[in-house]
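To begin, one chain is listed below as structure tokens, in the form predicted on its own.
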């Protein structure tokens, strides 16, 4: 791709009383423009997403009424990745030289509990409790643990790592480290997942400034090597699936990751660090293999020997992931991109991956079975 990330901006994640999700989005956009050395007048195109905090295009009232095309996107937890896909396509197609992708949200407290009708599902599906996504994720990881020999201890270790990394991240929500015993001993939500193995709905915003890659690009610019977005196929078992097909196929994560690596001409073995969807501890474990970063079943050893820690051979979720940051749905995918840009610039401070990383991967997954992946390089 001929697209680079020229600037990044973030409003801290967590709970910010008295500040709307839209206002947090404005903060993130202005920060990203400052980082890029640009102004809103320089922007030719924008794409933004939010699940619960309003229509992103209306923030032009605060940013500037310049008349640019501004597309709203909404794709569950893959909303941020969708916004990035659209903004990058605008540059690749020649419609824009500079584009902004942004995501923000401000969710009420408590677990996500959706209305079946919004997702084209019958009322009975909601009555079963399956619209409460904690149940779906617990069922999925139960089967995975049985099939590939993953232990309860691995689930706890994923959360411990997340909170350790979050403690090093000034923009994270959960910044208090927890022990393995504290994670495993917290309240059981849906077996085998305890309270501290789940992320929480929250608030936050992220924006990135994209522009066409040029010969004289600034040294701080990070190349967007590829971005890929895929939806579910018949036979995959996904969030809000009302049935399980007799013949199973891979989910959208597998398809999106494969397309991303193929488009960039990069092998998963070349990845220096990765951010993957960790709605709960089991998701990180499953997505490590589904994205091709390791083989199914190898996660147990990789997690136990510290390979996925910041100083390990395959650092994963170096900013604390969803577990430590919470999940404002519209912003999560771009939070991953923000972190990888910092890492590739060498600006991640106390959580910097050693050895001057050159290739960074992101992956998001969301309802009702969508996934977006990116590869960034320097």
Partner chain sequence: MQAVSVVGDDLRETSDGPRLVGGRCRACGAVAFPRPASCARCTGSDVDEHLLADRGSLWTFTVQNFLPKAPYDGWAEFTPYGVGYVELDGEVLVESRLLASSAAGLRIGAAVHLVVEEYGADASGTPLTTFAFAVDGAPA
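Note that the structure is predicted; figures quoted are calculated from it, not measured. Numbering follows the first chain given and starts at 1.
The same protein also has a form predicted in complex with the partner chain, omitted here; what follows describes it.
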Heavy atom within 4.5 Å of the partner chain in the predicted bound form - the one residue of 85, 200, 190, 186 that qualifies: 190
Heavy atom within 4.5 Å of the partner chain in the predicted bound form - residue from 134, 213, 307, 171: 134
In the predicted bound form, residue 130 touching the partner chain (heavy atom, 4.5 Å): yes
Interface membership of residue 94, the partner chain in the predicted bound form, 4.5 Å heavy atom rule: no
4.5 Å heavy atom contact, residue 241 and the partner chain in the predicted bound form: yes
Contact label in the predicted bound form: residue 118 to the partner chain, heavy atom within 4.5 Å: no
Region of this chain that lies against the partner chain in the predicted bound form, out of 163 to 171, 264 to 272, 138 to 146, 71 to 79 [heavy atom, 4.5 Å]: 138 to 146
Residues within stretch 233 to 260 having a non-hydrogen atom within 4.5 Å of the partner chain in the predicted bound form: 234, 237, 238, 241, 242, 243, 244, 245, 246, 247, 248
